[in-house]
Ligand SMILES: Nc1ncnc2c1ncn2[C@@H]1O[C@H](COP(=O)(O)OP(=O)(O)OP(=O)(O)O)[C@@H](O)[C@H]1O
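Next up: a single chain in structure tokens, the form predicted on its own.
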């Protein structure tokens, strides 16, 4: 049976300061596919373009050239509002530097995406508390980000990305600030939701051990895909 594509990048380029003397080609002619229900690692050296690709997919920065489709939707044709809605409803994003709101507690940071979707506050809090407890943060629900360790902040960021049950989760070094035992716990959770809920995951990581826990590894070097992990390649 033919697999359905969740994410398709075709001839994607990202050039900063295009046409100027300080032009930087961050991503060059990237072609890649992630199928529905896959858990894929995106790996490569520092500065190879991994985070740029994630930002392009998430609509956080526009591609200079090429096509990006998410679940069949060509993001090039979307208005800013439509892209915002797609990101809100279909994409979970785990930022490398957490991007938590300092004036909100752990629970409030996690609840926020559900409130934006119009979920009642009591139901949003119930889901957030359950998820935070599952991530080992039951005693930190009412703590603010500056009262948490880096690893705890990362877990809050992960909970926030999972709370809306998005179709695809984009993780930029989602286990980077966790110790090895905690990293494996989080990867186990990712695998469980991947299997039970069919969510697609694309995770940027430097760790070969973390990459090995995914279905396959896509490798990038100097802004170009050099390995897809697919048998036909």
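Numbering follows the first chain given and starts at 1. Here the structure is a predicted model, which is why all the values come from computation and not from measurement.
There is also a form predicted together with this ligand; it is not shown, and the following applies to it.
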item	value
Candidate stretches 64 to 72, 195 to 203, 175 to 183, 40 to 48 - the one whose heavy atoms come within 4.5 Å of this ligand in the predicted bound form	40 to 48
All of 17, 52 and 96 with a heavy atom within 4.5 Å of this ligand in the predicted bound form	yes
Residue (of 60, 32, 26, 189) lying close to this ligand in the predicted bound form, criterion heavy atoms within 4.5 Å	26
